[in-house]
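We begin with a single chain expressed as structure tokens, specifically the form predicted alone.
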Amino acid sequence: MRLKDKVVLVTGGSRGIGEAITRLFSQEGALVAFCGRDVERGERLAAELAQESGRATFYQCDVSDENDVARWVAEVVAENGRIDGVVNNAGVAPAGPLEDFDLGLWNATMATNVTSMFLVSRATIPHLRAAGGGSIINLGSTFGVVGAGGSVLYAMTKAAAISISKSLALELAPDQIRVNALCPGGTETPFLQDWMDATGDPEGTRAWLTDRHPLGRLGDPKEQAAAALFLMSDDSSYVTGHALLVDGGYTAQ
């Protein structure tokens, strides 16, 4: 119960790594307010966790929309009285040569992966400060640390997530608000499968990606959630401005 009675927001919390985080945080005693694009899936997950004595509520919210984010945060505070933590997990991962991308795809990816972090963080910081401090986790990636041909746009947004985390950690340290980036390696999620499909050679991409991880396998979402729990809990009370690579050795090469 390392998050007992803490109110934590999770964006993109209804599938993949986000779902694993929602589940684990709920099991650890948090009141998890999560959003996602699939309303049916989100409501089903919330109902399932309620039966397991977990506490999680699904909200429909477009985290790239300023008004929608403001409404969501206001609802969470009205219902729970406070906010103690935020996980900015929502993201998309277009694949392909940069020259094939149009401006619409560029803007949409930026809105989902980067603008959402800005909007959600900005809206929640006053509430984290009022709670006496807290933790913000921004989802980065190994591709935010090393080059990723064929994923230039996605990699750029994850490098931005790491940079935002480091700078915002310095800005908010006086308020005892810690900010860190969680940077997964290849992890078995629908998100990863979508990315592999987008390369046009999903089987070849899977083989290449698995081979790039020295542990010889892709990660499990539960492993990423465990790392997120560390960053959200008091176990990491002296950790801020850090990019935690949970990547099976990918970036050690």
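In case it trips you up, residue 1 is the first one in the sequence shown, and so on. Keep in mind that what you see is a predicted model, and the values were worked out from it rather than measured.
As for the form predicted in complex with a small molecule, it is not shown, yet the points below apply to it.
Q: 25-33, 46-54, 59-67, 199-207: which one contacts the small molecule in the predicted complex at 4.5 Å, heavy atom to heavy atom?
A: Among the candidates, contact is made by 59-67.
Q: Look at the candidate spot formed by Gly13, Ala90 and Gly185 and say whether the small molecule comes within 4.5 Å of a heavy atom in all three of them in the predicted complex.
A: Affirmative, all three are within 4.5 Å.
Q: So in the predicted complex, does Thr112 come within 4.5 Å of the small molecule, heavy atom to heavy atom?
A: So Thr112 counts as contacting the small molecule.
Q: Though only this chain appears here, would Val86 touch the small molecule in the predicted complex if you measure heavy atom gaps against 4.5 Å?
A: Val86 lies outside the contact set for the small molecule.
Q: Is there a heavy atom of Val179 no more than 4.5 Å from a heavy atom of the small molecule in the predicted complex?
A: Contact with the small molecule, no.
Q: Report whether the minimum heavy atom distance between Met232 and the small molecule in the predicted complex is within 4.5 Å.
A: Judged by the heavy-atom cut-off of 4.5 Å, Met232 is well away from the small molecule in the predicted complex.
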